[in-house]
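Below you'll find only one chain, the form predicted on its own, shown as structure tokens.
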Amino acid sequence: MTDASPAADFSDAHKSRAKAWFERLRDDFCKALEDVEDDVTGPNGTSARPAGRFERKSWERPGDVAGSMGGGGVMAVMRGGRVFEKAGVNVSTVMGEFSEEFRARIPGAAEDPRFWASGISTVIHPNSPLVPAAHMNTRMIVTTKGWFGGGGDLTPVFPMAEDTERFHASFKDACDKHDSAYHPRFKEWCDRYFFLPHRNEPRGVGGIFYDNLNTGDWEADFAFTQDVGRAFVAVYPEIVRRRMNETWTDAERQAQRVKRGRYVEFNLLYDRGTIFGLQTGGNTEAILMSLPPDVAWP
């Protein structure tokens, strides 16, 4: 694995395939979550409210005549569902130039500030404090170098061992199909990354995180990134279905609001995706889609 490759290795055909994959993954995941909304009973059953549905909203990034800047994306957001209080599955493809102060932090941008980036980002905040929140994103970025990155993690209010083990096992299976060294490395990277140093605590129970992935084999790295997305789309609804019909108390709901506060702190202070999006002129509404709708601090 390296953190560098010539941008020529990431051709226009590669860009088109990556963009199409992220859009397909969005469609698959939106359907999976809408199916969960249809199937819930318990305290969020059919008498509570209509089944949630994603609403899509397109946005465009200002371009230039040369076509070296621009792009856009589609926000898919569900609000007020039976199971999901807020769920967002966003896809964007943008191109432009990094700001002068940001270039030194991005591989290949010091030599040439132009970039191309495409990816999917999803964050889910359930109604029930017994159903864990979750996040997943995968992306492909091209400067004078090119690479894949992403991962997924689980943030329960009340961690359940069987849910945690199942989540990690799903990502381990995806990693092991490609390289047995991937899972221990990317799991440890996730634990380091999703950590709140000002509170000296992890954001959740982890998952995997990887960045600057370029083994020199674009097809293999793209296949791995696809398998990461497939693993999440399969395992998260499974975990939700295990918990979504259980009842909860007001005290558990308040604990959920406080846990969400930790989520806000991480995303606004440390999250690379948030920083990248804001620094590259992305859609602010889409970038901050990850923030939960109802939060408390003790």
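All residue numbers are counted from 1 along the displayed sequence. Bear in mind that the values here come from a model prediction, so they are computed numbers and not experimental data.
Unshown form predicted together with another copy of the chain; subsequent notes refer to it.
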property	result
Interface membership of E34, another copy of the chain in the model of the complex, 4.5 Å heavy atom rule	no
is_contact(D28, another copy of the chain) in the model of the complex, heavy atom dist at most 4.5 Å	no
Contact label in the model of the complex: T284 to another copy of the chain, heavy atom within 4.5 Å	yes
4.5 Å heavy atom contact, A234 to another copy of the chain in the model of the complex	no
Among the candidates E252, E246, E265, D39, the residue which, in the model of the complex, approaches another copy of the chain to within 4.5 Å (heavy atoms)	E265
Interface segment, criterion being heavy atoms within 4.5 Å of another copy of the chain in the model of the complex, picked from 193-201, 104-112, 129-137, 147-155	193-201
Full three-residue contact with another copy of the chain in the model of the complex, heavy atom 4.5 Å, for L291, V295 and P298	yes
Sequence-ordered residues of 72-97 touching another copy of the chain in the model of the complex, heavy atom within 4.5 Å	R79, K86
